[in-house]
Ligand code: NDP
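Before any questions on binding or motion, here is one chain by itself as structure tokens, the form predicted alone.
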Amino acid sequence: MTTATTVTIDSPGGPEALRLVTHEVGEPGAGELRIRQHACGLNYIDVYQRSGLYKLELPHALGMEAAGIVEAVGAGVTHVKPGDRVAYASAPPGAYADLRVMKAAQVCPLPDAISFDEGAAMMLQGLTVNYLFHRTVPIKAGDTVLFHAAAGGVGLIACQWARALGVTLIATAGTDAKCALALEHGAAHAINYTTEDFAARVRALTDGRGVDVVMDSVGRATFEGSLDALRPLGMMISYGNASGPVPPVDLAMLAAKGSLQITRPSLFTHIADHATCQAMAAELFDMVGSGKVSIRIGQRYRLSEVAEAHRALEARATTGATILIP
């Protein structure tokens, strides 16, 4: 038996609830593989799971994405083989580890031109942008999108992806420096929502019309303003709760504000199918490999520093992606 180090929680709590445990890892079963991980991604969903906002059966390992090398595969696994470089975003959690046995379906071959650090930093965030732009409400050149938290890992990928598509992306962020970062990555406009009424500014930027789509991972703090920034029949995509969960919605309000649409998608619904997941990953790798999207890694921590990494993420003290190095 080989031993692995994994970050787990025994009960919901703050960053102090995270602990490193050593355990044995065996051979992969049918439909599984064993991966030696070189880098692990950190995302806000990890905070939701650690805090108890998203329920897990405890104790449970954390982490939703990583990159590394396949050590062994079980029966029926044919799309990757031992020695292959791979990356993934996958449920259930367990990616905060140096070695892992897991289901193989959502593990994707990683092109040689993309580093392990980039692979770990891009899978969940890049696949999220893929489904936001192409699989929730397909957007096209000439459309206008309001994107909150645009200086984060998802946001910086979205700014570049929008530029590549010819989409006008209006970014929001919490500091002038973060606004500047979004503009550098392709946002057409940037709004500091701590000093400006972002909905009013959006109306001014769109000649009073409003945007076609809002993409909002902030949640409670931006929800009402996001609806006010939409054009009639516009789409609100709420895909995260960084400021807290959105309160119950009065559906009649959507009619009053212009027959608005609203959805609350999850990446893991989109990638549950093996073929769809592999196709989405290939599209993401093409965007990165072509240079249209670059992956900005703003912070690196050792796996043993995972609590510090969580504190920085929750304090909104990060830009771009954060990775953990086993």
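Residue numbers run from 1 along the displayed sequence. Just so it is clear, the model here is predicted, and its values are computed rather than measured.
Below: the form predicted together with the ligand, not depicted.
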| query | finding |
| --- | --- |
| Triple contact flag 242, 265 and 320 to the ligand in the model of the complex, non-hydrogen atom at 4.5 angstroms | yes |
| Contact stretch among 112-120, 233-241, 75-83, 182-190 - heavy atom within 4.5 Å of the ligand in the model of the complex | 233-241 |
| The ligand: the contacting residue among 173, 170, 162, 108 in the model of the complex [heavy atom, 4.5 Å] | 173 |
| Partner-contacting position among 89, 218, 104, 211 - heavy atom within 4.5 Å of the ligand in the model of the complex | 218 |
| Interface membership of residue 178, the ligand in the model of the complex, 4.5 Å heavy atom rule | yes |
| The ligand contact in the model of the complex: residue 43, any heavy atom under 4.5 Å | yes |
| Residue 19 within 4.5 Å of the ligand in the model of the complex, heavy atoms | no |
| 4.5 Å heavy atom contact, residue 48 to the ligand in the model of the complex | yes |
| Contacts with the ligand in the model of the complex, stretch 299-326 (heavy atom within 4.5 Å) | 313, 314, 316, 318, 320 |
